[in-house]
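Shown next as structure tokens: one chain only, the form predicted alone.
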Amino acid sequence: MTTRLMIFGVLGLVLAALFLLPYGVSYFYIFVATEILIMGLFAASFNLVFGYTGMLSFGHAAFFGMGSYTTAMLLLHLQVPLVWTLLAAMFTSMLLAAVIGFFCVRLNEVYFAMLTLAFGMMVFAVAHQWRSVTNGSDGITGFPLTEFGLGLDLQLANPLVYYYVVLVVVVLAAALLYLVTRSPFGLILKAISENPERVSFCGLNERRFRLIAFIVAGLFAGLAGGLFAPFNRVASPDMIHWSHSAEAVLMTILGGSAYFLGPFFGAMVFVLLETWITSYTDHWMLFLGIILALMVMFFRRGILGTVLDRVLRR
């Protein structure tokens, strides 16, 4: 069996397991699985900027939060079907990413990271202080979750139904992201990550490619945020805070930034560890930090990357 066939076989098994998961676990773990899928998409969108283009962004949560607020406001004030709110969330996040990216991609390395952090905190401050629109620190709550749209009669308030909606949307989004990374555009991003000067010498506009990658990543982060607001039933400034961006960084490194599915795997490990440790102690951040530090130290290519390397060497 070739390596490619083996990978497709494993992916098929994973998708089948995700589809059958609700038949073998309690409702609590359906909630956990829904969160893992959404956070996996968020981390995968971040990895397009970080793992494929070599830009470490600490403001990626701004696009996630923009998607959440867009969905929450449309559901609260207009009661439109969810599918249209998700499209709107992607659009507004894409616009925000275009504005922020226009300034940030002009800088490299630590200066790029610091500028994304500064813009992220600006968006957080707006969401936190513009109380007449965003409801301040309380966030937007109480929005109805009526229908999905496209003529589908889905009871989205049912956690099981919402899990399958999230599963389908995330799988489609992940497939699109994968195609982006495998396209000539994605190969240029990898080249920029490895040697930006050589890309410029080839006559390609490095800054333009970096900006497009930033916008595409913001679009998919907005989709993840648009899915998260109905799941969490709130859109709050916490979703925009830099610490939320740091979670995407950690999930990506934990799973393996060099692998497309690494961020999804990292999101699963992160959310499960957080869920289990908080059920035993109030000092969960201390223990979570120790475990994550050990994982990062001993799995230099991420957990998924290390495991795959060892399997493929045999």
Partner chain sequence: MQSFIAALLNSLDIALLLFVIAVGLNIIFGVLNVINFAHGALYMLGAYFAYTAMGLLGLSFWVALVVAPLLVAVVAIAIERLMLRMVYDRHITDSLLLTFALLLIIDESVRMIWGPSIQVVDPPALLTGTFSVFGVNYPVYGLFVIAVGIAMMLGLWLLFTRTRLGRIVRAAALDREMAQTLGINVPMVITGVFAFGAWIAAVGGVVAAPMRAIGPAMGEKIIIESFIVVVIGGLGSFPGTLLGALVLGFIHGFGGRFLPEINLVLPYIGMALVLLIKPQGLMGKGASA
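Numbering follows the first chain given and starts at 1. For the two forms, the rigid core is made up of the largest set of C-alpha atoms that agree within 1.5 Å on superposition. Fair warning: this is a prediction, and the values are worked out from it, not measured in the lab.
Below, we turn to the form predicted in complex with the partner chain, even though it does not appear here.
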item: Proximity to the partner chain in the model of the complex, single hit among Ile140, Ile188, Met94, Leu115 (heavy atom within 4.5 Å); value: Leu115
item: Selected contact from Asn205, Asn195, Gln155, Gln129, since only one has a non-hydrogen atom within 4.5 angstroms of the partner chain in the model of the complex; value: Gln129
item: In the model of the complex, segment of 62-70, 260-268, 283-291, 25-33 with a heavy atom within 4.5 Å of the partner chain; value: 283-291
item: Contact test in the model of the complex: Arg233 vs the partner chain, heavy atoms, 4.5 Å; value: no
item: Residue contact check: Tyr52 to the partner chain in the model of the complex, 4.5 Å heavy atom; value: no
item: Heavy atom of Leu48 within 4.5 Å of the partner chain in the model of the complex; value: no
item: Partner contact for Met297 in the model of the complex: the partner chain, 4.5 angstroms, heavy atom; value: yes
item: Stretch 102-141: residues contacting the partner chain in the model of the complex, 4.5 Å heavy atom cut-off; value: Phe102, Phe103, Arg106, Leu107, Asn108, Glu109, Val110, Tyr111, Ala113, Met114, Leu115, Leu117, Ala118, Phe119, Met121, Met122, Ala125, Val126, Gln129
item: Yes/no, Ala258 Cα shift of 2 Å or more between this form and the one not shown with rigid core fixed; value: no
item: Core-superposed C-alpha of Leu288 shifting 2 Å or more between this form and the one not shown; value: yes
